[in-house]
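Same protein, same chain, two forms; see structure 1 and structure 2 below, as structure tokens.
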Structure 1
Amino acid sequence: MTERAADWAGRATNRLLLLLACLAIFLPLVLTLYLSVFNEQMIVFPPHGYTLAWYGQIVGKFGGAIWTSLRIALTAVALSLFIGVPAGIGLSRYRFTGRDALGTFLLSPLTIPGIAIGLAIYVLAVWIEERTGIELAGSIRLLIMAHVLITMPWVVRLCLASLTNHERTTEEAAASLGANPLMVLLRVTLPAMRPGIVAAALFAFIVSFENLELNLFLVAPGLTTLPVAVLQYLQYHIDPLVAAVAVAQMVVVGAALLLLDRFVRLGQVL
């Protein structure tokens, strides 16, 4: 085989692999969108007609679960930012004993399966209840604390990434011109971290809102999140409503990504 033929074969192989990767990513999304407009009470193919009525039933069927997931996710994002942003700045800017161990500890939830974390938190909550009488299992407080545990590593990681290419000389220049440490943080460091902070908040929200494994162990009657409610719905129904829920979530997340990228350029840190 000549060099030119080998080069052509290599390009053709790369294009084929790229095409297969695109199919693997987008084909399920297209099929989910297609299923969500079936005018059927059960998923059958081919459908007898098409309708958008399933989208109108989302709030009626899952309104309570959506509100619970939103409350938990928004609170978890706020607490994660409150803890993770200072942690990211400290790990990036300072050298101290135990720095590497602390960084590993803060990022460790990313390496542990969600089912294992959920089971461990549930067992710990029951153990605390037995010894103190404080009711934790099945409470929204426990869910929020658990979600902070799984969202904070994303905040720390993206804050570290946002400071990787930021020159510290600008902070030193501000300090040399008389700015105190707090002013340097507010006027120089945090504005430079803005893309990372926005990306961290977005990813933390998605991780919390879409989490299923953790919630399976920690929800209780009357306190059900959207992923768990959808799973319970699937146990007794096989209709396009779940596909409509999935499409609605994809549209909301995609719109949020496009909107935020327009103002903060998420590609700088992602």
Structure 2
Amino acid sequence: MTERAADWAGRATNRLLLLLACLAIFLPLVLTLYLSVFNEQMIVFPPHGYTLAWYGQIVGKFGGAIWTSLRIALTAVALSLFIGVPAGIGLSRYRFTGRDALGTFLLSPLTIPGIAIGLAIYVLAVWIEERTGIELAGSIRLLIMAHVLITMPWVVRLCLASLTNHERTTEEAAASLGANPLMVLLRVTLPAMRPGIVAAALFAFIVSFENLELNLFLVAPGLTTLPVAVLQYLQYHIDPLVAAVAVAQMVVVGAALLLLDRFVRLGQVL
């Protein structure tokens, strides 16, 4: 083969792979959007017409699950910020033996399969319930706690990242100007971290809102999160309604992500 021909073949292959990659990522999203406006009860090609009516039915059918997911996500975000932001500051500020190990420990919920964490938390909840009578399994409290576990590491990670370029000297300057440690924290450190904290909040929200594996074990009748509800629905039928729900979720997450992008470069934190 001549150099030209090899060159041409290489470029053609490259183009083809790029096309396939884009198809693999975006085709399902486009199809979901397409189905969500079908004026049909089920998948029929081509459809007889198009309608936006399915979007109107989302709240009726999935409203409860959406509300549950939102409540869990918002509470979990608040709690994980409350716990995770100080942890991020602590990890970046203090030098002590075992600091790296502690960092790994705090981030470890990210590396353990969600399905194992879900099962383990459920099992412990039942164990506690049997011994103390505190109702945990199937309660929203337990769901929130579990979500704090998986959102907090992201908060820690993002706060650490936002502090890597932080000048400790500004804190020293504040202290020498008479600020006590609390004032230094409130007036210098936290404001410097603000973009990171906002990003962490949005990120934690997304992570909580789309989680499936933990919820599988922790939901109860009447207390179902959106991803679980969609999964259960899909196991029996696929229709434009569930596509509309999917699109709605994409819109919510997309909006959060657009906001997030204004605060951090995504490529740097993942």
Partner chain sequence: MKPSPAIAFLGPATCVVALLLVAPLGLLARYSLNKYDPTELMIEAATPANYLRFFTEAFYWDVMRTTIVVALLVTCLCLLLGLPLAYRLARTTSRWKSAMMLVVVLPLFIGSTVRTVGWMILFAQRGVLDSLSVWLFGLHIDLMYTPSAVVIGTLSVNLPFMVLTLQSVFEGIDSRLEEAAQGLGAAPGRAFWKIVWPLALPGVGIAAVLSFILGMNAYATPVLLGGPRFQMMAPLLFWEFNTNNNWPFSAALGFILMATTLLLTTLANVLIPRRYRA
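This structure is a prediction, so every number in the text was calculated from the model and none was measured. Here, rigid core means the biggest group of C-alpha atoms that superpose within 1.5 Å across both forms. Structure 1's sequence is the ruler for residue numbers, which start at 1.
Visitor: So which is the form predicted on its own here, 1 or 2?
Guide: Answer 1, the form predicted on its own.
Visitor: Please report the angle, in degrees, through which the smaller rigid segment swings against the bigger one between the two structures.
Guide: The computed domain rotation is 11 degrees.
Visitor: After superposition on the rigid core, what is the displacement of the C-alpha atom of Leu17 between the two structures, in Å?
Guide: Comparing between the two structures after core fitting, Leu17 shifts 5.4 Å at its C-alpha.
Visitor: Where the core is superposed, what shift in Å does the CA of His237 undergo between the two structures?
Guide: The shift comes out to 2.7 Å.
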